[in-house]
Each structure stands twice: as structure tokens, then as C-alpha cells.
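Single chain ahead, by itself, as C-alpha cells, in the form predicted alone.
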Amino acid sequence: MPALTLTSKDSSKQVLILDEWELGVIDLFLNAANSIGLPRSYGQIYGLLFCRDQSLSMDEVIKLLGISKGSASQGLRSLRQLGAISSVFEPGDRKERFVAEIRLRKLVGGFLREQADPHLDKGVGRLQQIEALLAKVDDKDSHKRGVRRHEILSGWHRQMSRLLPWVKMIVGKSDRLPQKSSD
């Protein structure tokens, strides 16, 4: 797949280019976003910013990826909320610019905080609601089956509530590089 080149109207501006390896990385993150139920544009935007050492403006992201302004705006906002990207100030540039967070701990921590934690919190209320609904069931077989399923769901919820802090702790240490031995 060839590199994508965009020419600038202003010759003092840098030409925007996507190399083949960058397209591969963008595709990797696009597929990762799809696999966890996030919009494709989130993966594309993160992949692009991940590849770049320099910050990019929203306009540059739009031009390089060929996505709509709405997708770019929503994607940048959501990725910032997840902690996957951050805004940076560039002297002499009035546009908001973005860089990718490349520490796995921050990425996973942000995802867990924004996606998993709220679902666990809502789970308590939902389990209580199911329990209340089961109390109204007249059919003994249905009630018995529902109680068993409620017990399973409650067990899953307890296990996830205990597992999630461990995952956060383990991933929190993952951005440290192993010490090289001085052979």
C-alpha cells in the first residue's frame, strides 16, 4: 500500500505524509477499536497520533485520515476523556494540538475507568432490580431458574469487582522497562 501524501497550499508548511508502516499501525488500532466496540475513527485517530512524534491539529488529523470533521471532533474528545490522547500547547500556534499517550498503564487505566468501572457500578443496581423482579414471578420453575441465574450473575459481579483492581495494579507496572543486564 502506497504512502499517502498531502500537499500544502502554503509552501512554508510541512507536507503531510502517511508512510506504509503508519497505515499498518493505523489499521491495527482501527481493528482494535472495532474489537472493543469503539468507533473506527477512534482507532484511526489514536493510531495516527501514536505514529507521530510531533503533535497534530484536528485539521491535520482530518486531512491525513480523510475523516469528517464531526468524526474527528468526537473522536478527539472521547480519546482525551479516555486518557488516550492529550492536548498540548505549541508556541505560535493558536490551534489545539494533540499527542498520543503511549504508556500502556495510562491507556488501560483510562479505558477501565471510563468503560469498566461504570458498568460495574450500574451492575449492583441492575442485580437488585432483577432480584425484585424475581420476587414477583409466580411460576416456580421460572423463579427457581431466575434465582440460579441471579446467583451466577452476582458471582460474576463479585469476581469482576475483585479482579479489576488487580488488573489496574498489574497494568500500572507494565510501562516500566525491564532492567538490562550488564553482561
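In this text, residue numbers run from 1 along the sequence as written. Quantities reported herein were computed from a predicted structural model and do not represent experimental measurements.
Although not depicted, the form predicted in complex with the DNA is the subject of the following passage.
A.B. asks: Pick from Leu28, Met58, Ala116, Ile130: which has a non-hydrogen atom within 4.5 Å of the DNA in the predicted bound form?
C.D. replies: Looking at the other structure, the residue within range turns out to be Met58.
A.B. asks: Please determine, with the chain shown alone, which of 152-160, 131-139, 36-44, 116-124 has non-hydrogen atoms within 4.5 Å of the DNA in the predicted bound form.
C.D. replies: Comparing against the DNA in the predicted bound form, the contact stretch is 36-44.
A.B. asks: Applying a 4.5 Å heavy atom distance criterion, does Glu90 contact the DNA in the predicted bound form?
C.D. replies: No, Glu90 is distant from the partner.
A.B. asks: Can you work out whether Lys106 and the DNA are in contact in the predicted bound form, taking contact to mean some heavy atom pair no more than 4.5 Å apart?
C.D. replies: Contact with the DNA, no.
A.B. asks: How about Ile67: is it within 4.5 Å of the DNA in the predicted bound form, going by heavy atoms?
C.D. replies: Flag for Ile67 set to yes.
A.B. asks: Would you classify Gln81 as touching the DNA in the predicted bound form, given a 4.5 Å non-hydrogen atom cut-off?
C.D. replies: Outside the cut-off, so no.
A.B. asks: Using a 4.5 Å cut-off on heavy atoms, which residues of 95-114 contact the DNA in the predicted bound form?
C.D. replies: In sequence order, Lys95, Glu96 come within 4.5 Å of the partner.
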